[in-house]
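Taking the form predicted on its own, here's one chain by itself in structure tokens.
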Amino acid sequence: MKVNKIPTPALVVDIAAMERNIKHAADYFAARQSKLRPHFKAHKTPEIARRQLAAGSCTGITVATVREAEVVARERLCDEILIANQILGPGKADRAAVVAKQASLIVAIDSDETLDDLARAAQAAGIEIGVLVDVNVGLPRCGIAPGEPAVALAKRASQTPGIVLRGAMGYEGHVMGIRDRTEREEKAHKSMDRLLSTVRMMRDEGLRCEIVSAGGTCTFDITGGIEGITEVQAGTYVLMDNTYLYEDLPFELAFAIHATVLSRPRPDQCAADAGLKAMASDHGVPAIAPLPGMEDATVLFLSDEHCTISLPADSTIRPGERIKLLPPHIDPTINMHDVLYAVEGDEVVEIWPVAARGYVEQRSI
């Protein structure tokens, strides 16, 4: 099938560009003590994960939800899964325990409540679940305070039946949006100092700490080069988005939303069929890929089913023609769609299910 026959709005992956991104990451970590644990949440697509793992330099897969862990385990993508997030709420720990019967499972904890719920589920299932103590390294989100509070939680985890303490993690997410390399490096190192000082305290107490997990796409070669960090949880790198196209990163856009122009009500404006229900707007509106008649076009705003675009008056774009939008945040964008169209040139060669979208376990997927 030709690309121009795909019904829009559609998520389209350039296989060659994606494979180059995968190779860049695999080559970097192949020569280093730290390795890559690619984050499945970025694409939620087993076929992409298989290619990432096949390239090498990986310790397993990172996920953000129990739903994602279930899909990774069912697809038998790897032997070890890290849920780099706290899981609390009805049924979640019990579902995690089922996953732990299919693959080695590690879950982030930052409170007694999370630890106790996991322990209850593990004991009931007669299995063990690994944990990483999630340390707050500067991002105001999750994570227990570094130092003594983190060590106390680690000590309690090490003494809890059904739980195996594996180490610690910290995510310097507040650093990812810094475009200046020097500033990004400085702040990433400060964040990792908080994590590594806590790890030293844990080890001084005789606590197990074989895994020290951190990092993301924009710090893959900063955090990944710090002594003591054992793995990096990068995800966006595989497809990239328009927000993270920094000059110092070797990754390229391998992903776009194809849309159809629905209306051109006046010379300086048109509307396409990809709106808020086709892409996330938390990082702003999408860019428009250069195409004849669209060179100076800009997105004005998104509504539910429309992308309204400002055009140069001499643009030749007409209703029915196709355009490409470059989303600023791929993770929530992909979560809105059922499939990705994988292309080589102008040919669709495969259609990949976004198998882990949503939150509820659905055996029909």
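Position 1 is the first residue in the sequence shown; the rest follow in order. Predicted model only: the values in this text are computed from it and were never measured.
There is another form of the same protein, the form predicted together with another copy of the chain; it is not shown, and what comes next is about it.
Trainee: Look at the candidate spot formed by S281, V339 and G358 and say whether another copy of the chain comes within 4.5 Å of a heavy atom in all three of them in the model of the complex.
Mentor: Verified in the model of the complex; spot residues all in contact, yes.
Trainee: Could you work out which of T260, T243, S104, T230 is the residue within 4.5 angstroms of another copy of the chain in the model of the complex, going by heavy atoms?
Mentor: Going through each option in turn, the one that passes is T260.
Trainee: Considering L311, A55, A64, L326, which brings a non-hydrogen atom within 4.5 Å of another copy of the chain in the model of the complex?
Mentor: Selected residue: A64.
Trainee: Any chance N335 has a heavy atom within 4.5 Å of another copy of the chain in the model of the complex?
Mentor: So N335 counts as contacting another copy of the chain.
Trainee: Is it the case that T114, even though its partner is missing from this view, gets within 4.5 Å of another copy of the chain in the model of the complex, heavy atoms only?
Mentor: Contact check for T114: yes, within 4.5 Å of another copy of the chain in the model of the complex.
Trainee: So in the model of the complex, does T160 come within 4.5 Å of another copy of the chain, heavy atom to heavy atom?
Mentor: Contact check for T160: no, nothing within 4.5 Å of another copy of the chain in the model of the complex.
Trainee: I'd like to know if P286 sits close to another copy of the chain in the model of the complex, meaning any non-hydrogen atom pair within 4.5 angstroms.
Mentor: Close contact is absent here: in the model of the complex, P286 is far from another copy of the chain, nothing within 4.5 Å, heavy atoms only.
Trainee: Among 211-219, 271-279, 291-299, 71-79, which stretch has residues whose heavy atoms lie within 4.5 Å of another copy of the chain in the model of the complex?
Mentor: It is 271-279 that comes within 4.5 Å of the partner.
Trainee: Would you give me the residues of 1-34 that have any heavy atom within 4.5 Å of another copy of the chain in the model of the complex, in order from first to last?
Mentor: N4, K5, I6, P7, T8, P9, in sequence order.
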